[in-house]
Structures are given as C-alpha cells and as structure tokens.
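Here's a solo chain for you in structure tokens, the form predicted alone.
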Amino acid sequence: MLETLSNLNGVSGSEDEVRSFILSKIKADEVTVDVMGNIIAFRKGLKSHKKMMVCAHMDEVGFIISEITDKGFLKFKSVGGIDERVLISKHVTVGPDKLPGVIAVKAVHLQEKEEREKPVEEKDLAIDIGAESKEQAQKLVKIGDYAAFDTSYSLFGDRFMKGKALDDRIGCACLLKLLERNYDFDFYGVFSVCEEIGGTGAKVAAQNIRPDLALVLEGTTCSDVYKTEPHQQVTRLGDGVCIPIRDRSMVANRELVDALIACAEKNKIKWQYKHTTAGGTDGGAIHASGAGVKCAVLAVPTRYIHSPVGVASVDDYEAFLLLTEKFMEEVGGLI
C-alpha cells in the first residue's frame, strides 16, 4: 500500500491520482469528496456521537509550469517548501501524461567562477523534456501543468525505505488501515489537500466536521545524518514513532500528548520527542477551527524530507501504525 501511494503523483492542488487510488481502497459507512477535494470518510460510532477526526494529507511538494521558452524548455515555480540546492539534474514527470523530464542547468565546465561559488537559484533552472522548440513543447505541455519528482519506492539497507512523498503518504497508508475498523465514537478520516501550501484543505474539513478531538498523521524531519551533532538531531531513525509537543503551527494539546506517551509506554512501543519547533502540519489549521479542537500529532521521522527522495525506518513506521491503532482503542475516554 505504501509503495503504491509513494509512487503516485499528487503535488498540492493536483491530488487527483492519489485521491482516486484512496477512494478505491476506503472502507467506511460514508465517503464524500468536498469542494476543496478532501476525502472525508465516516464511520458511525457504536456507542457515542462524539467526533474524532484523524487527518493525513495527500499532497506533496513539486512544481508548476510557469513558462515555455523559445527553445522548448519549461520554466517552473516550486509548490511547497523545496531547497533549490537539491534540484539540479533531478528526474521529474510533467503533466497528467507523466512526460519525462530533467531539471536542467548549465554544465560546470561552462560556468563562470562566480556562478560556481553560489547555489543555483530556481529562476536559473528549467525542465528539459527533449523538445526542440516552443511549438513542439506546447503540443505536450501547457502553462499550469504540474511536475513531480520521478522517484520509485524501494526498501534498502537494514530495514530502511526510500521514496518520494513519504511526507505524507505514510499517514495516508495508516489512515486507510484505521478505517477498516469500527469505533465507539463517530470517526472521521480526512485525506486532506494542500497541506504543503498552508493547510487550507484541513481547515475547511475541520470547519465542516467540528470534531471534539483530532489527531494528525505525518512524516516529519529527521536530521541524524553525517556531520550533525547529537544535540542538533531533531529525530533519529530507529528511535521510534515521533510525538511532537509543538511546532511553528501549533502547541499540541498536552492531555493528548501525555495520553499518547502513556499508550506507547503501556504497549512497549518505541517513541521519541521531536526536538525542534520548526515545520508545521494540518494541526495548525484544525486546532484553531470552530471554537477550538484538542489536537495532537504522530509522525514518522524521515530524512531528506521535501526533496526528490526521503528515507525512513520500517521499524519506526511499524511503531507508528501500532501506536495509532492502540491509541484509537483508548481515546474514547478523552472525547
């Protein structure tokens, strides 16, 4: 399931492919797609009509085509937060037909000294699709088409996984599993759009549902890489599921955070804190919706997030799945 989800394209604002796949797999009493494109899957509570919302976002970072040059190159703008330094010579697919392309830059042999001494900026890059002219390119691509990194999911090393869009297809895979079961309370599973550009999808969904409690499922930053000092390591691969206390978008509800930690300890599930307040999630929009919502986040540490390829631990992912499942069994008392 995760392999398929990772390989699908779903840049913010163009989540159609991901949405179609998820719709084909959902098990729920009622499934709707709202005007924003969010999927809202509902399971009626067995004992209570209190509302629990669990959210995972379908979208990923990528690009939108902004111009076609006379020579047939495609100029683009980034969608979501992407470090320009990781873009050079990366493979992408463009448009609904997934036209192959390469992010092009002048070869190092042809650069002036001052060009070599500074990072290449997005404005100096273009996507090469092998076209010889603007007219030829326009037969294949139009302004406003999206482009996504062309990376295939695979397992490697000692129980590691690599692929694009692990942020947040990891959450989507987990949410699909949660929807296979019934709960004492009314359960709303939300697969949101546009998290990477501000969380507008989750904002609308939360305003519509008005949940009593919410949990956001995510992939999060991991910096246990070469030349990173231990005190600078936000999370570490293999140290378990991440339970953030706060980020730049919200302070997690402390009651829920404590309950998640207690659930992890009780079930002997490996977990870790997130040692930074950088980044944000759909929780920022959800917790401030309506009259306010108790909200917390669970995440899988992911190296190289918002790049052509992320790396995560299978063990951390399994801990994430297990803690989410166990917490859903116990959370009724908190609503």
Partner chain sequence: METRKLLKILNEPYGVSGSEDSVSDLIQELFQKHCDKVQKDALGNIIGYIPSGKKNAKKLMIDAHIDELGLIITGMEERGFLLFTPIGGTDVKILPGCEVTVFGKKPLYGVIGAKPPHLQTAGEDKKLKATDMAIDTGVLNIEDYVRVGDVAVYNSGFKALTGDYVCARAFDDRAGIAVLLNFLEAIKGKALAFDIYVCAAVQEELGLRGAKTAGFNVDPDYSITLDVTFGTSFNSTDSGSFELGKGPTICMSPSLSKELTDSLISIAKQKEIPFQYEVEEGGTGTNAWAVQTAHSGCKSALVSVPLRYMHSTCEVLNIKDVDDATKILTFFAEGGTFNA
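Being a predicted model, the structure only gives us computed values, none of them experimental. Numbering follows the first chain given and starts at 1.
Another form exists, predicted together with the partner chain; not displayed. Remarks below refer to it.
Although the partner is absent here, residue 309 lies within 4.5 Å of the partner chain in the predicted bound form, judged by heavy atoms.
Shown alone here, residue 108 lies within 4.5 Å of the partner chain in the predicted bound form, counting heavy atoms only. Within 4.5 Å of any heavy atom of the partner chain in the predicted bound form lies no heavy atom of residue 274. Using a 4.5 Å cutoff between non-hydrogen atoms, residue 162 counts as a contact of the partner chain in the predicted bound form. A heavy atom within 4.5 Å of the partner chain in the predicted bound form is found for exactly one of 258, 135, 117, 97: 117.
In summary, among the residues 254, 181, 210, 71, the only one with a non-hydrogen atom within 4.5 Å of the partner chain in the predicted bound form is 71. The chain is drawn here without the partner chain; in the predicted bound form, the stretch among 198 to 206, 83 to 91, 171 to 179, 212 to 220 whose residues come within 4.5 Å of it by any heavy atom is 83 to 91. Residues are counted as partner-facing when one of their heavy atoms sits within 4.5 Å of the partner chain in the predicted bound form; in 154 to 189 these are 156, 157, 158, 160, 162, in sequence order.
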